[in-house]
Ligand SMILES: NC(=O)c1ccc[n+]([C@@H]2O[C@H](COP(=O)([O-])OP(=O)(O)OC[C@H]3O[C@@H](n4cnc5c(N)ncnc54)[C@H](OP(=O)(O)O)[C@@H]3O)[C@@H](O)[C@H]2O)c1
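Coming up is one lone chain in structure tokens, specifically the form predicted on its own.
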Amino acid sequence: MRQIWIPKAGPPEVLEIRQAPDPQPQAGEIRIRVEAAGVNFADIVGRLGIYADLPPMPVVVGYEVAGRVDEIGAGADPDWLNCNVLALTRFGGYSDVVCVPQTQVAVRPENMSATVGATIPVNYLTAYQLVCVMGGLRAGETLLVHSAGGGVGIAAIQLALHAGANVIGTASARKHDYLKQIGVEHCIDYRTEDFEKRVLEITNGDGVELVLDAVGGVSFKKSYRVLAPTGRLGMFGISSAATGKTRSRLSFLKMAAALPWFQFTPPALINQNKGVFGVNLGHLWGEMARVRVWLDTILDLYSQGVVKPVIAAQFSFAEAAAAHHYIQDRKNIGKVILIPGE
């Protein structure tokens, strides 16, 4: 098999392809010949060496794949054999062959390609947990989603609109036309506008019922301040700690110093009637029964035409460094995919 390895922390160019024997599925596992793998910001943070969950380097990252099952381990359901599937992977997804527990695998709908399948697990499960499970967004409420043009952002927008909510999104100006086309009512350029001021202007000072924030630092503080009474802040990342192509201790320290360490206190939450919660899909491996219910719901919404994955770009394994550059340069509208190729 071919895999993309991170041998050491550094810029995208540290990524390298290595060959290894094909893995054999263990008890309860199935083996997938990977046709497409998703790229996520967690992979980039891992490459920078600032991702706490990352196994020791050298390491193969990657949380999601799609392909075809070619072998099953002892105790696994034989009906999986030759199925077209998508799957969650606990690292190791940047590979053209993976073995995963069958509990982390779902059959792809007949009309879903492998490239589309690889867009689903991380982005849509994260968005579903944020918007539907913990965010409880309802018809008539307003969602503020940061990084609205990214994979999670677009997934969240689709789910919010399906719920009958209104959407405000922050993104660079070049993404605004697209976001408005898919139903975002108001777009804010986070590079030139103060999103806190603009959100309060847009809502006539009322604020919003749900904010999705993966930026971290001072953004968490401002997002909390734009919540209406009964509003909820969903935190799912700290991208402001990764401002360059190599690890920056200064960026991390600035982000950490700006976190609202003393703002989300129990008395404040009680008196202001606000809620704060966190989401990390990578910490739910022991909750696969729960996650599979979410995934089945998402696949049903795909069949209904509600979930419409957007692929920003596809790169071969040999172009993995370019894929990381593409995301860090904030070029993507939607999901970036790796294709094993030859």
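Please read these numbers as outputs of a predicted model, since none were measured by experiment. Heads up: residue numbers just count along the shown sequence, starting at 1.
Form predicted together with the ligand: not shown, discussed below.
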Open item on the list: At 4.5 Å between heavy atoms, only one of the stretches 329-337, 19-27, 314-322, 6-14 reaches the ligand in the model of the complex; which one is it?
Closed with: 329-337
- [ ] Could you work out which of V69, L54, L281, V307 is the residue within 4.5 angstroms of the ligand in the model of the complex, going by heavy atoms?
- [x] L281
TODO: Work out which of L88, V152, L210, V184 lies within 4.5 Å of the ligand in the model of the complex, going by heavy atoms.
DONE: V152
Task: K175, Y190 and I238 all contacting the ligand in the model of the complex, non-hydrogen atom within 4.5 Å - done: yes
- [ ] Consider V122 of the chain shown here, and say whether it contacts the ligand in the model of the complex, taking contact as heavy atoms within 4.5 Å.
- [x] yes
Task: the ligand contact in the model of the complex: W294, any heavy atom under 4.5 Å - done: no
Open item on the list: Within 4.5 Å, heavy atoms only: does S147 come near the ligand in the model of the complex?
Closed with: yes
Open item on the list: I'd like to know whether Y302 contacts the ligand in the model of the complex, with contact meaning heavy atoms within 4.5 angstroms.
Closed with: no
Task: Partner contacts in the model of the complex for 35-51 (non-hydrogen atom within 4.5 angstroms of the ligand) - done: N40, F41, A42
